Structures are given as structure tokens and as C-alpha cells.
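Starting off, we have a lone chain in the form predicted on its own, written out as C-alpha cells.
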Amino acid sequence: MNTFKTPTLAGTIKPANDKSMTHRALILAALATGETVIVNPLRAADTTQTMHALQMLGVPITIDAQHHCIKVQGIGREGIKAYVEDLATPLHFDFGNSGTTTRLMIGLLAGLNVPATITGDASLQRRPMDRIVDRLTQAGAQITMTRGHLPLTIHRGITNGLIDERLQVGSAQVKTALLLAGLGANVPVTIVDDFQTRDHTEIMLATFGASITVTGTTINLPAQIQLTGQLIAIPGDISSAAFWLVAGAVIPESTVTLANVGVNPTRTGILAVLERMHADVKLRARHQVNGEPVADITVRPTANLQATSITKAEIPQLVDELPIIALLATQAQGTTEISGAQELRFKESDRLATVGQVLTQFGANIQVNDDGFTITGPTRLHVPEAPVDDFGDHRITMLIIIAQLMTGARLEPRATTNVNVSYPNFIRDLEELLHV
């Protein structure tokens, strides 16, 4: 990475395309019949895992780099099952670092009754899978795990004639896995989502032609669903945009515009937090694509940021943004309390511990609690005396880089390959905003 001379950010970029939506578009396209063209997908390490998994199930997928799209020739549930039945040996998947691929594919494979072994890298093997597997075994699946974690083996798919579940954790991955299990098994699904987790799956199912209904917090997906290939456009990912939203709000003389960002209400918790903290953030050019709200977001620095409180009810709407929000809180007047965020302990790293350690090295006044943080500001950050560990976590790496910018010092080179998990062009976008 280059060494930059000034931390001021200015310009317009389109942040990484939405990771959650790309995963879902690929899987639903495979279950559909006919061609789906996914325009502006996120082509990153995580979504590549999902694409390769579907190709192992016999789904033809091609990348059209010239037109920034992926073309999926959907073969439907029956086509996938027929392909797998002709294989000589059971499938073995290694999903690397992708928790989304893993959890969604567990649901899909259990629904399709596809025997398979699933593993991943050391980080993924530390992440809990019982929250999904327990639900699927209650529906008749036979799945063995390694103390609640990967590696796991699916011996038999679900056998129940329906899936009826109230979510026990605020996880859209669990919700989507159950919906995919129902689709794969061709049985009706009812899910009560009191957490109001991100609803990309529900919106996209409707786009593919499913007669899904959402009444309050209850989701109903009937059996006998036939999905049809579609043109799906993927907007920018607000979780990736979050790093620039925070940087633009605190780095003097900055003006950053993030173009074509998804602003689905189940994902915009960070915008609500920024508003409460009196940040200068404006949304323009609002429109909808495939049922998803999209906008351009402009952020400028604010001298009088105010502390806030984030409680358990908000966590599902901003869980991936909490590390960078913690950094923002170091620049706010007063004490910011973040609670109900135990889910951070089960990410690529224990993000409660890793965020606390990283920000402490930068001089932040941060206390790590069992379920969140207590952060008192404003604090002038300084360059750490010792090297800062990113714990192999892509969001921690990006957090460190933004924190370095905020010190006002020259940006020191560091390894950034793990940002390829979610934001391969992060450094390129940084250079563009810094005009280097």
C-alpha cells in the first residue's frame, strides 16, 4: 500500500457492492429456472465461495467481467438433486472464511437432502453453527457437528412437512437458511422474526416470483414455489460504506459522497446513529431497484458530535458496523454505551475483544463489557507504539486504516489482503478519496 501525505478525503465513490444480496442472488438464481443476470455483484472471497459451491451442485455460472455481471443458468431444485445423485462420492465443501456461505448452504443442502461434509478455515471453525443445525435437526435432518462447530456432516435432509420457527437469535443468516431449507424440500415455511433482521431474502424471493408474505414480524413462504430467472441489480453495501461515513464525519475538511448505496431500513441503523450523534449526513437521489431502496449519501465533518446509546433492539440493523461506530464514538462528546452486542463475539474474530484492543492502542478511552462497549470522548487518537494486530478480520483491518487516518499522521503500509473477503477495492477507493 502507498504511504499518503494527507488524511483529507474528498470525492465520490461507489463502495463495494452488497455482500448479503450477492450471496442470496446467486443461490436463488440457482434454484430458479432460466437465466439470471446479476449486475454489479460483489466479486470477493466470500461470494466466490458461494459461487463455487453452487457450481459443485451442477449449476452453470459464468462471469462477464466486461459487463460487470454474473450469469447463472438456474436448474431448479430438481436439477440440482438429479446432478448430485449422479456423483460418485459425497460432496466435500471447504468454505474458507465465509460464514454466510456456510450457514446458507447448510440450510439449502439440508432442504435438498444432499449428503455433504463442510469445513472452513480456522476462523470459520470457531464460529457457532448450532444455531442453524439445531433448527434443522428439529425438522428431521441428521447432522453431526464438532462441538457445535465445523467440520460438520449432513447425513440426511429435513423430513418434516413444514418449518415453523420463531427466531431465537437476531440472525438473518439463520432466517435465510430456514427459508432455503423450505425451498429445497418444497415445504411451507413460517418464521417469526421479532428481531426484524435484514430482509433481503424476502424481497429477493418476491422478485424471483415467490408468493411470500410478510405480516408484521411473521414471514410465510408456501410450498410448490417455482422461481424464475431475473435481472438482479446489486447496490452498494452500507456495511462497506460505513467506513467512509465515519471517516468523512470526523476527518477535517472532508466531503465524501457514496453513490448508489442500498438503504434498506433493516440495514440503516448506522444512519440513525449518525443522526443522533449530530453528524452531517444527507441522502439524495433516492430510488428503488428490485424492491430495494437505494440512495447517494454525502457526509461532511462535524465539530460537535454527541455521544449516544445503542441497545440490543438496534443491533441486528448495524451489527457489522459496530466496530467502526466504536471508532466514531471516540470522537463524540460524552460517553457512548453499546449493549446487547454479544453477537460480535462470534464474527471472524471476537470483535468485542479485538475492537477494544485496537482502539486502546490508538489511545481511545474504551471499556469492553460482556455485551458491548463503554466509550468516552472526545479523544485525540495517536499512532500506536507497537504494531496493531488485525486478527485476520477484514473489518478490523479497515477499522485500523481509518483510525490511522484520524491520527493525522502519514498512513503506514500494512498487509490488507484480508479485505478481499468483503471489499477488494478498499485501498483503491481510499486512494481515490485521498487523490493519490
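Note that residue numbering begins at 1 and tracks the sequence as displayed. As the structure is a computational prediction, the values presented were derived from the model and not from experiment.
The protein also exists as the form predicted together with shikimate-3-phosphate (S3P); that form is not presented, and the subsequent description refers to it.
Visitor: For the unliganded chain shown, is the site open or blocked after superimposing shikimate-3-phosphate (S3P) from its bound pose in the predicted complex, using a cut-off of 2.4 Å to backbone and C-beta atoms and a threshold of 3 ligand atoms?
Guide: Site status open, zero atoms under the 2.4 Å cut.
Visitor: Using 4.5 Å between non-hydrogen atoms, is Gly170 touching shikimate-3-phosphate (S3P) in the predicted complex?
Guide: Gly170: contacts shikimate-3-phosphate (S3P) in the predicted complex.
Visitor: With heavy atoms only and a cut-off of 4.5 Å, decide whether His149 touches shikimate-3-phosphate (S3P) in the predicted complex.
Guide: No, His149 sits far enough from shikimate-3-phosphate (S3P) in the predicted complex that none of its heavy atoms falls within 4.5 Å.
Visitor: Tell me, yes or no, whether Ser20 is in contact with shikimate-3-phosphate (S3P) in the predicted complex, where a contact means a heavy atom of each within 4.5 Å.
Guide: Yes, Ser20 sits close enough to shikimate-3-phosphate (S3P) in the predicted complex that at least one of its heavy atoms falls within 4.5 Å.
Visitor: Glu292 near shikimate-3-phosphate (S3P) in the predicted complex, any heavy atom under 4.5 Å?
Guide: Although shikimate-3-phosphate (S3P) is absent here, Glu292 would stay clear of it in the predicted complex, with no heavy atoms inside 4.5 Å.
Visitor: With the partner removed from view, which of 315-323, 208-216, 71-79, 135-143 is the stretch that lies within 4.5 Å of shikimate-3-phosphate (S3P) in the predicted complex, judged by heavy atom distances?
Guide: Selected stretch: 315-323.
Visitor: Name the single residue among Thr100, Gln230, Ser254, Thr330 that comes within 4.5 Å of shikimate-3-phosphate (S3P) in the predicted complex, judging by heavy atoms.
Guide: After the contact test, the surviving option is Thr100.
Visitor: Please identify the residue among His278, Arg126, Arg131, Arg156 with any heavy atom within 4.5 Å of shikimate-3-phosphate (S3P) in the predicted complex.
Guide: Result of the distance check: Arg131.
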